[in-house]
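The data below hold one chain only, encoded as structure tokens and taken in the form predicted on its own.
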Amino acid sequence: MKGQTEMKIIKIKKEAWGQGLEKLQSEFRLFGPVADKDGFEFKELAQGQLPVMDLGNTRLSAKSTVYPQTQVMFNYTLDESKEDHHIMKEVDLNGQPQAVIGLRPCDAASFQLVKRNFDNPEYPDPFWVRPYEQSTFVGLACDNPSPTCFCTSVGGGPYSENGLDVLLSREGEVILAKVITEKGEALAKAAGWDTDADENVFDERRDAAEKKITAKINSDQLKGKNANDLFSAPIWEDIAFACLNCGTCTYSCPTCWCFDIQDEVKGTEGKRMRNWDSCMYPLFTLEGSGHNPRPVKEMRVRQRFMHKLKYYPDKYDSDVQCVGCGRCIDLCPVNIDIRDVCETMNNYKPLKSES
């Protein structure tokens, strides 16, 4: 659990913002949104580089700051002349603390959903848990949400503090910072940000931003439905008809966590890596025997939406595995909309002959 502190609002002037980030780089690896080709991505900031703070959601989420697209887990050698040639050495996970600057509240909330998978009592995953624990999350509130954002109907909001250590809000040339946790307080102190501001301003700005969100998702009846009825429902062929199985939805989704493990060897030196994978790909479930339990795209599309909207809520007794960022809607090349799929699943009633 993150240590809570007495919340306070800090005013950060333009000059102090850049100076503070420069100070932080002596203690933290800083990540933030930066221009990348034709979009913006979360990347490590170079010395003196500022995160872009005047855009909407980045194309890919901030999940890569904790869970990289390619992550080396072990190194090993095949050189039999070396005593440890048969030993895999885990990479050092005790790296420098990092701060993720400018992630949206939906991305911060996504870490809390994913945490249930990677940081559970039986099988905590050190390759996810350690980077997460070493991170301080500095969020940027959404004063102008996208038309496809629906965070308020999945337990979030444009000013949600869930999963954040500090929440920022821009007011002209000034940045307002709400310090939420002890981690956030330590970061603000290290940056030298200490000018107090009006504590009521966040409530006013939050209310105004929430009124701008009109998109929503309705899952109120899903938890009460029989999973087998939904699994065998005659709705999936129509839902999957246009799907290309390109994987754009899963790669852009902040709560997708599927991965593959591969070895890469050059000469006698090798490394074992974890790479993002996608349930949309035919090879994802291909077994060594040659059997594939999901050989057609209809089954793969069904798996994606059943996991997000049915299996996850049932397993964890929680809301859906979605934070309403709208990326999969914006980026899908054939306009498949998770809001429509959820509505179809939510309203589905099996015929008596199907039950």
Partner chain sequence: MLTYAEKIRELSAQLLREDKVDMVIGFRKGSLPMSNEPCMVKNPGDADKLVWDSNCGVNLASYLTDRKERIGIIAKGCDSRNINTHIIENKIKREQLTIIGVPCTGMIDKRKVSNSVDFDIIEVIEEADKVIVKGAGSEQTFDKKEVLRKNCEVCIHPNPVVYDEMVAEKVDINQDVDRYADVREVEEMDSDDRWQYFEDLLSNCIRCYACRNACPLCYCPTCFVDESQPQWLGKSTNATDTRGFHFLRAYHCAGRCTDCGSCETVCPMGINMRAFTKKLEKDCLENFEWQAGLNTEQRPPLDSFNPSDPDAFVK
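Residue numbers count along the first chain shown, from 1. Bear in mind the structure is a predicted one, so any value in this text is a computation, not a measurement.
The next section is about a form of this same protein that is not shown, the form predicted in complex with the partner chain.
Among the candidates D220, D194, D79, D238, the residue which, in the predicted bound form, approaches the partner chain to within 4.5 Å (heavy atoms): Only one listed residue qualifies here, and that residue is D238.
The single option of L45, V320, L60, V301 touching the partner chain in the predicted bound form, heavy atom within 4.5 Å: Going through each option in turn, the one that passes is L60.
Heavy atom contact within 4.5 Å of the partner chain in the predicted bound form, the stretch among 150-158, 243-251, 177-185, 195-203: Selected range: 243-251.
Contact check for P51, A209 and G224 against the partner chain in the predicted bound form, heavy atom at 4.5 Å: Looking in the predicted bound form, the three residues P51, A209 and G224 all stay beyond 4.5 Å of the partner chain (heavy atoms).
M273: touches the partner chain in the predicted bound form, heavy atom cutoff 4.5 angstroms: It does: once the partner chain is placed as it appears in the predicted bound form, M273 has a heavy atom within 4.5 Å of it.
Heavy atom of E171 within 4.5 Å of the partner chain in the predicted bound form: The answer is no: E171 has no heavy atom within 4.5 Å of the partner chain.
E22: touches the partner chain in the predicted bound form, heavy atom cutoff 4.5 angstroms: No.
Distance check, T70 to the partner chain in the predicted bound form, heavy atom within 4.5 Å: Yes, T70 sits close enough to the partner chain in the predicted bound form that at least one of its heavy atoms falls within 4.5 Å.
Contacts with the partner chain in the predicted bound form - residues in 73-96 whose heavy atoms fall within 4.5 Å: Not one residue comes within 4.5 Å of the partner.
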